[in-house]
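First, one chain by itself in structure tokens, the form predicted on its own.
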């Protein structure tokens, strides 16, 4: 078993103005290098998990550990936030400078990174998300997808081991969502950055190592995408669906054509072609 970078132990969180807890005795771990997606409808507790992951919130009960550091210990706050970076839904809330490269430099500058290293980090972060050619562009002229990739680059420049993305594609059009997903998958696959990706788009979960489903402040499913999306009735019960490709494959299976566990369009086409050729 790999080392756990992020660990929740029986975590409960209550907002001051709410009678019911937003999270109820939640326990899970995220291993180094893992790509985990959290699914759930609004109010299920997903965003609370994001804010608890790097000391923005502290548990009402239980413990959150970042690389073994207890987030409730104020002496660990800075190191926890260096280890886990959070990207939120609206990139406009995270962009603070008028020029792209200046915005990406903002975080590491506040960490007192020296100038030569700062230049290197900014360039590498922008290259990682495919925005290097836009480094001198004005941030307010970028598209939604481009802004979100700049926000991710700003976190990357701080060199976290893990990125938590809280519904980063919710405000984007399909093209913007694809841009962000492509950038995040590249960071995970090529650079080994641990990813906790929170979304309500089913299609964004199919590439994950693991999918967790939340409802009413609890984790109700946790497993590989194929195992989770096989729980069609339970997903529908909590207001979620399965990806369209998986739904089509299930319909074909019911009619005698079993393509196996296919969750992406490419996998479906390949499996269907093999079946027709056979």
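Residue numbers count along the first chain shown, from 1. Treat the numbers as computed from the prediction; the structure is a model and nothing was measured.
Separately, the form predicted together with a small molecule exists; it is not shown, and the next lines address it.
Novice: Is residue 48 part of the interface with the small molecule in the model of the complex - any heavy atom within 4.5 Å?
Specialist: So residue 48 counts as contacting the small molecule.
Novice: Residue 53 versus the small molecule, in the model of the complex: is there a non-hydrogen atom within 4.5 Å?
Specialist: Residue 53: no contact with the small molecule in the model of the complex.
Novice: May I ask you to check whether residue 218 falls inside a 4.5 Å heavy atom distance of the small molecule in the model of the complex?
Specialist: Residue 218: no, not in contact with the small molecule in the model of the complex.
Novice: Does the small molecule get within 4.5 angstroms of any non-hydrogen atom of residue 63 in the model of the complex?
Specialist: Output for residue 63 is no: heavy atoms all beyond 4.5 Å of the small molecule.
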